[in-house]
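What follows is a single chain, given as structure tokens, in the form predicted on its own.
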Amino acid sequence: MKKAALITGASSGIGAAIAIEFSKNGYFVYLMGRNKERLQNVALKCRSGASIVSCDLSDEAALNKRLGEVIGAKIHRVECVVNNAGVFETHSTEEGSDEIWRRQFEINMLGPLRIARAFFPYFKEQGGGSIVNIASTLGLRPEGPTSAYAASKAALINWTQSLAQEGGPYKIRANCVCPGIVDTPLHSFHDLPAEKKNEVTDKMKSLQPLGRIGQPEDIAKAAYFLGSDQSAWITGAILPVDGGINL
């Protein structure tokens, strides 16, 4: 039975890069996201095969249904789940509505929780598995008007370590990658005209000891390492991949 990985938020940016990285290394990938057209474009780049799992993580019933289909199919052996999907909204504490907080916790924290809850019995039955959560350096050191996002990612980081302890006796590993500033659609500068984008990103370079912002592939390599057997004796790790910005 071919090994497989499920990646959420796989339609672009970091999620797409993670899917392609797993595929390069022989994994069949389940691509979860909302935009079917973009997921299909990513699937074409996955040389080891891919299946599109169209779903909104905030819809608990729909999510559980789609997860049940993946788990119940038993076509491939799912060895890794990468919880990458997330939403990012800036606001001040004074102006941030309950809905802004609710939306970010729903996607950034409850989505990964529901996926792990669905896969735990499956991983127990097959004798192990790996869960990689994509958080943020803002979950380690928040700044500016990012309180809801930072709090949701801090919760994800903390829960990863709890999950590692719960899963250890069953050989279920849980680890977390904390990206810094990465050139993805999550950031408003991503789609700026080239000249303007270069101006913005040049200013950001001085914030990074390594002198550049990140690319999705930087995160993908870290996620693959923690998700695969290359890190078989690592669990509960919180890995900043941020060019040193968190220093």
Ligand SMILES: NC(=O)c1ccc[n+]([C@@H]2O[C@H](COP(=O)([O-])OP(=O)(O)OC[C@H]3O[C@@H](n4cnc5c(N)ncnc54)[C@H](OP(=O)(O)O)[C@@H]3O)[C@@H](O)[C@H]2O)c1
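From 1 onward, residues are counted along the sequence shown. Being a predicted model, the structure only gives us computed values, none of them experimental.
Same protein, other form: the form predicted together with this ligand, not shown, and the subject of what follows.
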Just checking whether Val70 would be counted as a contact of this ligand in the model of the complex - the rule being heavy atoms within 4.5 angstroms.
no
This ligand contact at Val182 in the model of the complex, heavy atom, 4.5 Å
yes
Partner proximity in the model of the complex: Ile14 to this ligand, non-hydrogen atom cutoff 4.5 Å:
yes
I'd like to know whether Lys203 contacts this ligand in the model of the complex, with contact meaning heavy atoms within 4.5 angstroms.
no
So, a 4.5 angstroms cut-off on heavy atom distances: do all three of Gly9, Ile134 and Tyr149 pass it with respect to this ligand in the model of the complex?
yes
Taking this ligand in the model of the complex as the reference, which of Met109, Ala116, Ala85, Val78 has a non-hydrogen atom within 4.5 Å?
Ala85
In the model of the complex, the residue from Lys221, Lys45, Lys65, Arg34 that sits within 4.5 Å of this ligand by heavy atoms
Arg34
So which of 116-124, 160-168, 173-181, 91-99 is the stretch with heavy atoms within 4.5 Å of this ligand in the model of the complex?
173-181
